[in-house]
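In structure tokens, the next block holds one chain alone, the form predicted on its own.
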């Protein structure tokens, strides 16, 4: 067991006993990858921050039901999925049409897929940011089994092992899905330098 898992287990045990400080610390430690899962599954008409708040509330109200601290990440991921599905069901048809062409610009970093050098000319930086924005928008159209690990890897820089723990899948499956996701994006986007950020 690594240091992070050990710290998580202690926080989980304290959180399950109602320790508010532990619950808040647990949320702070995991909220970044939760945002990536939300981004992969949210209805476009719903803000990421609104869903983040819903997930935080459910985490705190349901943490005592978690029996196995080792299953925390898959357990929290399932809460995220359920919150996103609930938000999708609650949308009225008219609301689905409003803002349907919105980008993911309101998310943490639209250029996170392709870091840029500070020495690049302004025009090149702008071009790369636009390419990254289009690439992220395209990534959001992938089937969820490819979209989710790709966003965790590219936006959150999670390791294959961490992604396998969150998704509760073997590392070999994660490797295969990431390779397939990258190939799908390259086929759609073309052999553009923006896809270099998909490593």
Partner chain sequence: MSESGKTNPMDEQTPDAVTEADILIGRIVDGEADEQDRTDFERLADADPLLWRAVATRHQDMASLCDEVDHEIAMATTLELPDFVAPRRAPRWAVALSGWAAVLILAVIWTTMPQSKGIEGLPPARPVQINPDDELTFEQHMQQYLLAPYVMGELDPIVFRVEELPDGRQAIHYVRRIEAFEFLDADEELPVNDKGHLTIDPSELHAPVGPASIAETVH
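Residue numbers count along the first chain shown, from 1. Because the structure is a prediction, the values reported are computed rather than measured.
As for the form predicted together with the partner chain, it is not shown, yet the points below apply to it.
45, 169, 60, 66: which sits within 4.5 Å of the partner chain in the model of the complex by any heavy atom? The option sitting close enough to the partner is 60.
The partner chain in the model of the complex reached by all of 4, 7 and 175, non-hydrogen atom within 4.5 Å: Verified in the model of the complex; spot residues all in contact, yes.
If we define contact as a non-hydrogen atom of the residue within 4.5 angstroms of the partner, is residue 159 a contact of the partner chain in the model of the complex? Residue 159: yes, in contact with the partner chain in the model of the complex.
Test of understanding: in the model of the complex, would residue 185 fall inside 4.5 Å of the partner chain by heavy atoms? Close contact exists here: in the model of the complex, residue 185 approaches the partner chain to within 4.5 Å, heavy atoms only.
Counting only non-hydrogen atoms and a 4.5 angstroms cut-off, does residue 13 reach the partner chain in the model of the complex? Flag for residue 13 set to no.
Although the partner isn't part of this model, could you tell me whether residue 53 comes within 4.5 Å of the partner chain in the model of the complex, counting any heavy atom of the residue? Residue-level check for residue 53: yes, a contact with the partner chain.
Within 130-149, which residues come within 4.5 Å of the partner chain in the model of the complex, counting heavy atoms only? 132, 133, 135, 136, 139, 146 sit within 4.5 Å of the partner.
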